[in-house]
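The chain below stands alone, shown as structure tokens; this is the form predicted on its own.
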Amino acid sequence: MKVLIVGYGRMGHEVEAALVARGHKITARVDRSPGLGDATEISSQMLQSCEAAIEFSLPEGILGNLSSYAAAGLPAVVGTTGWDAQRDEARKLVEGQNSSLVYGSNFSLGAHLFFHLVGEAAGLLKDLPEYDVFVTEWHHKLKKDSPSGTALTTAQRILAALPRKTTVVTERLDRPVEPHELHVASVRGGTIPGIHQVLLDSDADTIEITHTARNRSGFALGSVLAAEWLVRTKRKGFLSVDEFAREFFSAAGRKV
């Protein structure tokens, strides 16, 4: 598979390593910062020379990049975060050109197992009001968004499974948390790649479900597997990483 890498920072380098390990070819590396990649902008020649694009860049340029991929009919995998407000417009761009895109805040397949376990556990609390549930997450000091997209995805899985929790609260609380609120707390510091933890707590005991990323390689591998999936299946549409993960685990005989 011939792949265009867009965003050649830490994640872009990890994506490159995962592509090389799986025998793929990198056709070009694009980064808005001069000197980081082969170019600072995507060219039509780059789009014509590859079979897929994998992007982990900044949200500011996301719509322009998606427009380029869609117009070229190029399957794309986007792990960039922070563009939720533009999602409807992005969907129109992709679907209007009958193109294909997989997007998500976390491409780690281990994280998707974590989401599944969290949803199952939260669902089991429906008839156990003695247990409260909350989310904590830690990331490195350079991370630009808070809470993380993964933490918000985790929170949505809990809300979908546990009717008594209806509202996600992410800010500092200088008051008691309300019974219907799900508190998501964030910590930033050091070089932590990412730790997400859900606690189910009662007077009697505490159950902890934790996903700890040791490095960024799991996110990179997942994005490469998603690109392989798009190219192999020729799937069209504006697809979430959840859809890819479900099909991936289904093929392995497991339902997630």
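These figures come from a predicted structure and were not determined experimentally. Numbering starts at 1 and follows the sequence shown.
From this point on, the text means the form predicted in complex with a small molecule, which you will not see here.
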A52, V30, V198, A226 - the one with a heavy atom within 4.5 Å of the small molecule in the model of the complex: V30
Among 113-121, 181-189, 165-173, 98-106, the stretch whose residues bring a heavy atom within 4.5 Å of the small molecule in the model of the complex is 98-106
Flag S68 as yes or no: does it have a non-hydrogen atom within 4.5 angstroms of any non-hydrogen atom of the small molecule in the model of the complex? no
Using a 4.5 Å heavy atom cut-off, state whether V231 contacts the small molecule in the model of the complex. no
Even though the partner isn't displayed, in the model of the complex is M11 close enough to the small molecule, meaning a heavy atom within 4.5 Å? yes
In the model of the complex, is there a heavy atom of the small molecule that lies within 4.5 Å of any heavy atom of E60, even though the partner is absent here? yes
